[in-house]
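Before any questions on how it binds or moves, here is one chain, the form predicted on its own, in structure tokens.
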């Protein structure tokens, strides 16, 4: 049994599993796609940071009186499906996923944490800290696009696909876990305008990341 609200345990559970799978996928992408040993080590460092975040979340779940595995279990199918549907085919797609794909997921969790208790909000902000991911991805993607501008169209479509899949899986999770859905909109759950503002914030953050990578006409 948990000493905390179901919504908080759901939030920590989905985020813990997301961080665990991010670690595993980033490590795999580093081994499969990194063109140099330096790139492999750099992406490996990002993966290690994600694993550290997972451990923090796992410990917090346990401290609340909940079982970490049980807290993560409801989200395994959706998160695994997202990774299966967005498996990169090369180094460039892996970089975009590490920045844009992980970023849009993090935005969802931050939105939910805005309506949580202060300690949970602070923890979510801590584990979603950039950890060098943006600098690593932006630097390499900018260099790749300078060398071959033809990559831009393909990778922009790839990023759009990842975001679409993330939104789809997020909607499924919200429908299946009403306590988590309630955190996303807080006390304004019946206010369509508040939901619209939330999606506007998500869209704005996604656009910022695309621009940073150089995957927009004005990037």
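Just so we're clear, the structure is a prediction, and the values are computed from it rather than from any experiment. Residue numbers count along the first chain shown, from 1.
The form predicted in complex with a further copy of the same chain is left out here; the points below concern that form.
- Here the marked residues 30, 41 and 69 all reach a further copy of the same chain in the predicted complex, each with a heavy atom within 4.5 angstroms.
- Partner proximity in the predicted complex, defined as non-hydrogen atoms within 4.5 angstroms of a further copy of the same chain, places exactly one of 46-54, 173-181, 160-168, 146-154 at the interface: 46-54.
- In the predicted complex, a further copy of the same chain sits within 4.5 Å of a heavy atom belonging to residue 76.
- Although the partner is absent here, residue 36 is a contact residue: one of its heavy atoms lies within 4.5 angstroms of a further copy of the same chain in the predicted complex.
- When contacts are judged by a 4.5 Å heavy atom cut-off, residue 202 does not count as touching a further copy of the same chain in the predicted complex.
- Heavy atoms of residue 198 never reach within 4.5 Å of a further copy of the same chain in the predicted complex, leaving it off the interface.
- Of all the residues from 8-29, those having a non-hydrogen atom no more than 4.5 Å from a further copy of the same chain in the predicted complex are 17, 20, 23, 24, 27.
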